[in-house]
Structure formats: C-alpha cells, structure tokens
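Next comes just one chain, in structure tokens: the form predicted on its own.
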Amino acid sequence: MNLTPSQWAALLPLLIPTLGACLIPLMSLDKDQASAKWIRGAMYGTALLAVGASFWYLTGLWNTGAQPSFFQLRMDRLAQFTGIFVLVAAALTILQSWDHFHQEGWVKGETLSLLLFSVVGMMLFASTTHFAVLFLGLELFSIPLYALVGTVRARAESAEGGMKYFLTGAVASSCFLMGGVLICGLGGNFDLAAAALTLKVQGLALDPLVLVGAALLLLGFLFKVSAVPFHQWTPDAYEASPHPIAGFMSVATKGVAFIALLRIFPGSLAPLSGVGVKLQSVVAVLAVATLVLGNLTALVQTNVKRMLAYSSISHAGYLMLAFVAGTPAAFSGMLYYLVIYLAMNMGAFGLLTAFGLVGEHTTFDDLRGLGWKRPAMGVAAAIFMLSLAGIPPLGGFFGKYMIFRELVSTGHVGMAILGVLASLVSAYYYLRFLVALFLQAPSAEAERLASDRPAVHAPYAGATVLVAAGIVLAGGFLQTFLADGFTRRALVDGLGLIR
C-alpha cells in the first residue's frame, strides 16, 4: 500500500519512538562488561533521540498548521498538543531515570523500551474516536506501565505494587471495553461519533443500554485519572515505582486520559446530550469525593511518595471540575493546568532523585535539612509546593483560577468554594514538605548514615528539576500566552469547541 505524504505525516510521530523502542533491547544483548557503560549511554541516547525527533516533528506540524490523518488516526491540533505533552514528560523521565537507576543499582534497557511503547500508546489513545483504535492505544500504554511499576525486582514492594496496578487496571479496561461495545453495537459503527449520531437519529439517545455503555466508558477514564472510588491502586503503585516512573504516571497517564475524555464526551458523544447531562452530575459528585478524600488522606501521610500520590488524586478532582463547568473556557483552563501540573509533579518526584532519596528513604524525616545543603533544589521545591497549593503568582494558581472562574459563571458557586477550601487544606501538607527541608534538622542517626555514604551526584535529575521550576514560573507570568496561543488553539482547531 502506497501512503500519501499526509498519511506519513500522521504516522511519523508514532513510528519514530516505536523504532527507538525496538532498537534499545537489541543494544542490551551485548553482555561484555568492558562495553557496558557505552552500551548504557547508547540506549539512553537512542531513547532521547527518538523522543526529541518526534517532538521536533510535532512542533513542526504545529507551527505550519498542518493536521494530517491516517484513516482513523487524526493528528489534529489536540493530538499534537497531546504528543508534545507526553514527549516532554518522557524526556524528563529518561533524564531522571539515568541518575535514579544508577542510585538503585538497577539499569536495564527494557525499562526505556517499555517507556517508549507507553508513549506511543498514549499518543494513539488521544488521536482517535474509533473505538478499536482507542482500545488498542489504551492497552499499548497501560501494559508497559504495569511492568514499569515493578521494574526494580530487587525490592519486594515493586512486585506488589505492579500486581495491584495490573489487576485493577484489567478490571477497568474490561469495563471500558464493554462500554464501547454497547455504544458501538447499538449505533452500528466503531467510530463513536458516527455511532452517537445514529443513536440520536434512531431515538435511542436515552436507551438504558446506551446509558450503561457511556457509564462504563467513563469508568475506564476515571480509573486512569485516579478519581474516587477508582483510586485505590494509586498510592501503592506510586510508592512501589521508581521515582521517575511514578512522576511519569502521575502526569502523562492523567493528562492523556483527560484529553481523550475531552475528545470523546464533549466531542464525539455530543449528539447524546441527555447522556452528557446525566454523566455531568455523576462527575460532579465524584469530583467532590475525589477532592475531599485526596486532600484529607494526604494530610496524614509520612511517606513523601504516598503524599504525592494522594495529592495527584486531589488534582484529578480539580481537573474534573472543568467537566462540571462544561464550557470551552473551562476546557482550555484544564489543558493549561495539565501543562503546569506536568512541570510541578515531574519536578516534585525529580527532587527525590536529586536529593539521593531512593528505596525506602522517602519519608519526611529523610528530607530534614536538605534544603540548606542543596539550596538550588530547595528553591525549586518551594516553587513546586507553593504552585501545587495554588499560591499566586505561580502557574498552579492560574490553572485553578481558570476552572473556578468558569464554575462561578455557570452557577456552580458551591463547587468553586469547595475547590478553594480544598486548596487551603492542601497547603498544610505541601508546606510540611518545605518545613522538613528548611526548618527541621536531621537526626544524629541520619547524619551518621549520610557521612558513611558517598556524596550523591544527580546532575541530570537536578537539571530537569530546574527546567520544571522554570516552566512553573513561566506559567505564572505568561499564562495568557500559554492559554490563548497553545491550549485554546488545540481546542479551536482540534475539536472546534470554540468559534
């Protein structure tokens, strides 16, 4: 089959990281200890090259305004936004993982290959409304993540966390599959947009089976974003994962799921307006539960990674509020918030690697006094924590403000007030992170152990932390440029939600 230039243009952003993912395991076949260091560098270089080339190609498409397609694969503005978002997260993850896995003593080439396959699945998942392709993308990015959670097999909790994630993920994927089958079967088309239009014409928009199908589809999305009550896997999986993988899961999985949800529900299933109204009420209730449980549970955590996991759950609640408001401006605010959230969370998890806190050494006690020993990292930590708490003028504040403003304008004042109160509660556990860094001295035992260990060198992780801090600061002072020139254009040219 001869492909047109437009079809190649739609496929290349996916083919480049796929090629990198296939090459990396071949490099790891060399077992010669003398060349191990060079092979390791080549694997990481290949992964970065694949991610960078795909990123460069997507930014070229964005700048030219081209929106190519390959049958059901639509590389439109929204898909390009998703690809850039995921590739930036992947690049930060690869750089952090070089330092982290050397600290863990577990450097394996298959980790990078699995990460790249997951990246391909994420871009595919957010680039289509055809259910067969959508489910293929879901599994392609989910299965590698199940393995990546338990990648450090030397730690017992890795296998436990990976198994919990796999079992709960399998149930969620089954529900997602059944929901799509019901809608596509009743609508007579695998394309969800065409199926929804057919159901509307036939007067089946509010058929009980259609409602059940839409609810099951929504369940699959809510699992991926860690919304209550589908959040149980999150703290165990994040704690068991290597820090860079936990950071990647917290931002990329959540971001892609929200963007795909945006493409499917306000987009493809728009003809089923009655279903949308009913599901909006469900999302509102679950958003409230997610905000309350995520923030209250994070208050009592002693492990930093578990705190960040429950923090991630609470941020899913903030993002779900955009669907409660349901306006194009709220969706634009959601995309903007995802960009800032990427920098905040990748930076927060990267701090642990930069400080040399691996394995079980991720409690608040392990953070004591490190802010003064590594002042640049301490300042970056302050930027991340204050932004996560929604303190102005940082990027996190404006992301929440854009969503809360639309809640008020659509009459959901109570939801906006709840969101503000949740942010105030979250300030306690984020400031607790900074108190440990700057206001608490390390114990004598910790000082003794630190003196016995060699000094930690994590230049790549430290660099990614500083880059992430710069993005958060830029988001606070350049929010108009990001919101109007980037996220708004993704909605205008991708979904046509704003005219």
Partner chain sequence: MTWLTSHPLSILVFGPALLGFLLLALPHKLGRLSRMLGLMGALAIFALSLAWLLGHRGNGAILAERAAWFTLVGLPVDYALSVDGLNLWLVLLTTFLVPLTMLGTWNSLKDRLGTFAALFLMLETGMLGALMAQDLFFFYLFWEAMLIPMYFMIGVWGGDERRYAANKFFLYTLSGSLLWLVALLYLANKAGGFNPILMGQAATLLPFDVQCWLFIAFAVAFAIKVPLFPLHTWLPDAHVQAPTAGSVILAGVLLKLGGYGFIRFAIPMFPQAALHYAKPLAILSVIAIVYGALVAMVQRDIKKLVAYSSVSHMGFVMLGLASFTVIGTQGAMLQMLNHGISTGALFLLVGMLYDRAHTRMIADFGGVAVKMPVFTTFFFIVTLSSIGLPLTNGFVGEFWILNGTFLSGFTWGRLYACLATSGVLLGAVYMLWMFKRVFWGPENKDEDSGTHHLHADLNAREIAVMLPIVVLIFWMGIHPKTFVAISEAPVAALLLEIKAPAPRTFVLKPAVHRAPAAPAPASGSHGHAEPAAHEVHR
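This structure is a prediction, so every number in the text was calculated from the model and none was measured. Residue numbers count along the first chain shown, from 1.
As for the form predicted together with its partner chain, it is not shown, yet the points below apply to it.
- Annotated contact segment (heavy atom within 4.5 Å of its partner chain in the predicted bound form): 426-434, selected among 426-434, 38-46, 458-466, 62-70.
- Contact here is defined as any heavy atom lying within 4.5 Å of its partner chain in the predicted bound form, and by that definition not a single one of 146, 172 and 182 is a contact residue.
- A single residue from the set 303, 202, 409, 280 has any heavy atom within 4.5 angstroms of its partner chain in the predicted bound form; that residue is 409.
- Put simply, of 159, 177, 420, 292 only one has a heavy atom within 4.5 Å of its partner chain in the predicted bound form, and it is 420.
- Proximity of residue 108 to its partner chain in the predicted bound form falls outside the 4.5 Å heavy atom cutoff.
- In the predicted bound form, its partner chain lies within 4.5 Å of some heavy atom of residue 393.
- At a distance threshold of 4.5 angstroms between non-hydrogen atoms, residue 483 is in contact with its partner chain in the predicted bound form.
- Among residues of the shown chain, residue 102 is not one whose heavy atoms approach its partner chain to within 4.5 Å in the predicted bound form.
- Taking its partner chain as positioned in the predicted bound form, none of the residues of 81-99 brings a heavy atom within 4.5 Å of it.
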